[in-house]
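Below you'll find only one chain, the form predicted alone, shown as structure tokens.
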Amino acid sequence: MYQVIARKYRPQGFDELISQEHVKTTLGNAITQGRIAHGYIFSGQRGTGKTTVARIFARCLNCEQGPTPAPCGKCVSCLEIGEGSSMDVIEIDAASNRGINEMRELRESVRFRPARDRYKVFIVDEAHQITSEAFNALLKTLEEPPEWVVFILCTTESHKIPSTIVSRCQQFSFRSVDFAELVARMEWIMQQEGITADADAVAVLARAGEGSVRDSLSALDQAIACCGNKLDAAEVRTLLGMFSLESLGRVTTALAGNDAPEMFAVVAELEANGRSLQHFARELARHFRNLVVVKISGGETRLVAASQAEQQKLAEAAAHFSEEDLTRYLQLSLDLFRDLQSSLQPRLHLEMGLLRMVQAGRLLSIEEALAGLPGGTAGPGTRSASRAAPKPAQLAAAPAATAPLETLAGGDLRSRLHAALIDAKLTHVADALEHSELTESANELVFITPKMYQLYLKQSEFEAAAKRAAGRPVRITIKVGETARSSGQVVAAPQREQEAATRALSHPEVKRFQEIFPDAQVRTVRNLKDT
């Protein structure tokens, strides 16, 4: 009867186990030194070897030549544990045996000595599914078990294990298997099975597992059943529903060429071929992540799960963009993938998301826009001139829409404003102005008025009249205070602030900025010496 590859090539000893060096070293030393704990927790993502290590550890403890970190694999105990038929190594599926009654039965079983071997080993898979009541029933036994009992709890969700259980066990966190190690392992298995495949096909299969050995080997089994003894990368991708660098590269090529119509063509082709748009968005986000990593690393890196040829293609694609571009595209693709999870019209969301990326590629920072102006200095990372840049006015925050100001002619500002208030029959407001002091700067009018008059000056009609009298966009500020007109005391703006404002507004860079952005306003001038 056929045996799947994942079971056929399951490691039978620590020397066959790939990755998890920290687990192998610690358990091997514990066996050599005779420091065997009564409880262990193996946690980590699926397919990283938790149950496999638990069985190997049981063989190490019960081998006829042991306890030894290198079991013989030939004695009756080793063979039975490998086949899963040992009476002294009990494997429990907590997904279906999670209740208090099952834990009570386990607690009763613990009392009896092993039938033949040194240790009675209980391997509990999916331990996080055990109920709280069942854990409480197991608690005392797990804390003080008989000397011949070893518990091994395997879980993918260690945070669900009660802290009372965790504190009584040694915990080992299993890591995702390194891409290069997984590729080497799969190439060895293919050699044993007489399967031929190019490097890209092996990389696709290894990447399909996302760090899980079992998932990658299951994908290999599926590929062999579909393609026979010779695996082709394109066929494997189609079988597994994955996308090639060429299909994902159409998006990056369209971004580099500012080609919005191509984005619609990409989505139309996906829809016509019945491909999952959500899956495409996920793969696109991963693609941009790889481009960011390759761009920053500057060459081949172990941080990207791809073959050498694929990494070369990624590097060529990343060369067309800056780090800032790629980071922005990665964030947009992540947002797109999130939105597609709940979208009722995924095609519309995908099209708009891809168009948003094209539009984002046209944006420039203020620094880059200033650098492109006459007399500007280009800074590092400035985009090529071929990319369209918006006008400077587009980069500034749009000011609130205001009606054109009509200048009131004749006399000084106070006189013009007072006359306008009288003409508008705002005699109470004009009287308040008579008792107020006015301080004028380039972009602001400050009125200092006694408290009893502040409500008159805060009326919208007064602000509109003051701006018409000034004849330019200004900010109207009302301050409460005694004035010479009301109490004989002059309360004016400090001389230092006026001098600082004058120096700041006359600075060449400030003047140049105001020329570039004529609608900009200087609201506040702060003297850094006072901070």
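Numbering starts at 1 and runs along the sequence shown. Only a predicted model underlies this, so the values are computations on that prediction, with no experimental measurement involved.
Only in words, not in the display: the form predicted in complex with a small molecule, which the text now covers.
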Taking a heavy atom within 4.5 Å as contact, would all three of H38, E133 and I161 count as contacting the small molecule in the predicted bound form? no
Could you confirm whether Q45 comes within 4.5 Å of the small molecule in the predicted bound form, counting heavy atoms only? yes
Non-hydrogen atom contact A520 with the small molecule in the predicted bound form at 4.5 angstroms: no
Spell out, yes or no, whether the shortest heavy atom distance between V213 and the small molecule in the predicted bound form is within 4.5 Å. yes
V525: touches the small molecule in the predicted bound form, heavy atom cutoff 4.5 angstroms: no
Could you tell me which of 71-79, 416-424, 177-185, 349-357 sits within 4.5 Å of the small molecule in the predicted bound form, going by non-hydrogen atoms? 177-185
